[in-house]
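Quick heads-up: it's one chain on its own, the form predicted on its own, in structure tokens.
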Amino acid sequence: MKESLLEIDHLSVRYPAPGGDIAAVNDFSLNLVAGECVGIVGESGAGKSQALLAAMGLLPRHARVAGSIRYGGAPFTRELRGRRVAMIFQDPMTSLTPHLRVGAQIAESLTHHLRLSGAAARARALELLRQVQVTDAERRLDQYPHELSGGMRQRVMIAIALACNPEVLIADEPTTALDVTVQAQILALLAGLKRERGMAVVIVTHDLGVVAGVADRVLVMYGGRLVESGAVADLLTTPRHPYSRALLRSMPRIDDPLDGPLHTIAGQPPSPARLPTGCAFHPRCERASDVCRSRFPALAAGRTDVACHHPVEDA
């Protein structure tokens, strides 16, 4: 059995508000083992990024976080952030410091965590840029973020994340706003780095195609909760939760008729400030019954683990 690295157990995130707490994440758990890639999917507001930011200790001070976050069997501490567990954020233009050169930003974590000198940190920064396939890496060291393309900036973010040889890499929407060719390059780069370094990787995304291409396991979130999880082949071919199935149906297929209708999920995702009682998906679900409106279902084991009173069992 592979070593368990990051363990998130019954995590909840609340924000105080005048009308009552905003429930961003409810009872989320994840056990990440060495060498695996886990994809987390769901619509905007599902709680994907909030759960992982909470695990990294990067939420604002007024956030109320409950639950257990452990790394290697011990409580997760700030000292592990960037050293053992690193994160790539979805918008490199706002994540990179605009007035600092690229080399200085990569060297910062090397100096802080590994105590490398200026010359050694610069040499390591150059090596990292070459590892993430940045062209003309030596010249890029002295450039500013605005002088790079979106794909190059994302590669710089990956280089910063890899600087201290982390065992866990969290990528929050790593291909947002990139064209499809660059998306494919970034995903291939992450997959290659995972193989070479034996890292565990968590990818947060809206794109089920990304999950199908790189993940071993997938978690589906809705309304701040985990509603289904399982091996990527099982969940993407025979999903059991009506929401997972609706997500898959809403993805255009290459063999769909060009003049055919696009499948959509009726209604809107719920606001974390006004979650429905019972299962949060019931206002949009064709299979909903009275029990769905009154009681949230527990996550039950099966071909995939699913939280649904009326799971779909047909192929």
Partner chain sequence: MLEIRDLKVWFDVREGFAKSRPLRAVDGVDLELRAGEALGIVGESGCGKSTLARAVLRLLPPTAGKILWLGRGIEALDAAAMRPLRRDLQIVFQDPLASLDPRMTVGEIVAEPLRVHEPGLDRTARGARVRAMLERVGLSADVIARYPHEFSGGQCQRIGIARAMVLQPKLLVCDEAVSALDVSIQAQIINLIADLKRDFGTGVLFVSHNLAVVRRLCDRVLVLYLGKPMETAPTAALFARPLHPYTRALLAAVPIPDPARQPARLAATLGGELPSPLDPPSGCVFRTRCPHAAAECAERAPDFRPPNSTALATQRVACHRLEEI
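Heads up, when I say rigid core I mean the largest set of C-alphas that superpose within 1.5 Å between the two forms. Residue numbers count along the first chain shown, from 1. Everything numeric here is computed off the predicted structure, so don't read it as measured data.
Same protein, other form: the form predicted in complex with the partner chain, not shown, and the subject of what follows.
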Candidate stretches 185-193, 160-168, 112-120, 95-103 - the one whose heavy atoms come within 4.5 Å of the partner chain in the predicted bound form | 185-193
Does V180 reach the partner chain in the predicted bound form, with heavy atoms at most 4.5 Å apart?
-> yes
Using 4.5 Å between non-hydrogen atoms, is P269 touching the partner chain in the predicted bound form?
-> yes
Examine D290 and determine whether its closest non-hydrogen atom to the partner chain in the predicted bound form is within 4.5 angstroms.
-> no
Answer for V214 alone: is it within 4.5 Å of the partner chain in the predicted bound form, judged on heavy atom distances?
-> yes
L275, A34, A63, M251: which sits within 4.5 Å of the partner chain in the predicted bound form by any heavy atom?
-> M251
Find the only residue in L126, V232, V132, I88 having a heavy atom within 4.5 Å of the partner chain in the predicted bound form.
-> V232
What residues of 192-231, in sequence order, lie within 4.5 Å of the partner chain in the predicted bound form by heavy atom?
-> H206, D207, L208, G209, V210, A212, G213, V214
Against the rigid core, is the Cα displacement of P257 between the shown form and the other one at least 2 Å?
-> yes
